[in-house]
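Only one chain comes next, encoded as structure tokens, the form predicted alone.
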């Protein structure tokens, strides 16, 4: 089944291009470390999922590009075409001459309704090219105006137009130090609206990815492109084909559906985090060896200690002994706070995957009491290596990982709202104070649900 990617705003378009680059170079690569038949099956599944072919035989990305300024879309289209291994459809993009001015209300209330028909026509055409549609993968930032405001509007339109298709929103969490003065307002409005219409939100935090670039990739002067490439590598490690279930013989057919079924057992809990190990500069790969027990041990500790990368993990954090309940509401700020999970998915790629012992992830003390570990944990595997890594492991987790950043953003936005700072910029586009209050209420409910796990 195929996924249609909707790239929204500057951030969404730049990351989207890196994602297709990563997927294409991985699928074409001869570094699969597996049989020729396995490699061909992987390549064909990947192509059906993300690309279609024209007469020119250059794969064309199943994507719609949307921005309110032409510059980034122009760059994105030409860089993809220059790569020679894939390209975008020259008619699947929509842009205007003037942006959204980092104002969520402008994107949501003005640009959205005004351009709804043109954007949804492009989406419809892209969906009709799929023999079978798995759903939509939107990529957007929360801080600005187009990605966040227009992104929230387009997600609602997708839900209305395709009520039975899955929608996964990939959301970039802004730098804590701030890129835009009203980014916390934009974030609160985006998250609360996406929570209503999306099936799940997959979140990457800019601060975390920046740290990975500095500490693991050893990049001295970090650019947005470096950050985007790390994000694209992590996304590729999840979306490239795998066998779902033990001893599977066929690649999973419905990637988004399988992801939701595995990770979102209840509509109140939709926040997904992603970790991937190992990550290192390409020139170090030849000198590094990894064992599965080592990777799994690190990945599990990253989960329970809520570490976002394999450096600096707090090894003191232990799961609570069953029968002794932690009043997690009280311990949110303690350094030894244990990260309770609702559901986890581990994805293993590379040599000897089928002999890996994942028993430590079945431990009932990792999960909330209302789910059986048999339902809460799943593993997908493929012997085909990913992106030149002989062995790699990814963890997609629905857990308390985002509580602190979410609490932070809502708190900062509330402080600004209480003093009525910048509210006039939103009311002039029709977003009233009641809309803000509704958004705060919705997110307080999400925080509360995750806190009491």
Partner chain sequence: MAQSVVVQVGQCGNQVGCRFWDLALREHAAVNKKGIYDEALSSFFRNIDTRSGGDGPDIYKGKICSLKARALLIDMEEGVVNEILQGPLRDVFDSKQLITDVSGSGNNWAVGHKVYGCQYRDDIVEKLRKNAEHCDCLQCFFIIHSMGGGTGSGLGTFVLNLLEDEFPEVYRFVTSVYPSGEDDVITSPYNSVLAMKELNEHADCVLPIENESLFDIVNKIHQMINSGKLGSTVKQNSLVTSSAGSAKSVQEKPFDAMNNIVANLLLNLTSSARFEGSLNMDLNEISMNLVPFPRLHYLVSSLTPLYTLADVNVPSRRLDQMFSDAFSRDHQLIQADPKHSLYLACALLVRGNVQVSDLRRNIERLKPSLHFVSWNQEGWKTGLCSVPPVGHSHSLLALANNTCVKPTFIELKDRFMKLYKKKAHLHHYLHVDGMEQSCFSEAMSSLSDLIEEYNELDATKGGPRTDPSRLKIAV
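Quantities reported herein were computed from a predicted structural model and do not represent experimental measurements. Positions refer to the first chain, counted from 1.
Note that the form predicted in complex with its partner chain isn't included here; everything after this is about it.
Although the partner is absent here, residue 70 sits close enough that one of its heavy atoms falls within 4.5 Å of its partner chain in the predicted bound form. Its partner chain in the predicted bound form is approached by residue 99, whose closest heavy atom lies within 4.5 angstroms of it. Not displayed here, its partner chain is approached by residue 419 to within 4.5 Å at the level of heavy atoms in the predicted bound form. Contact check for residue 343: no non-hydrogen atom falls within 4.5 Å of its partner chain in the predicted bound form.
For its partner chain in the predicted bound form, the listed stretch (175 to 183, 293 to 301, 128 to 136, 280 to 288) containing residues with heavy atoms inside 4.5 Å is 175 to 183.
For the stretch 398 to 425, the set of residues having any non-hydrogen atom within 4.5 angstroms of its partner chain in the predicted bound form comprises 407, 410, 411, 412, 414, 415, 416, 418, 419, 420, 421, 422, 424, 425, in sequence order.
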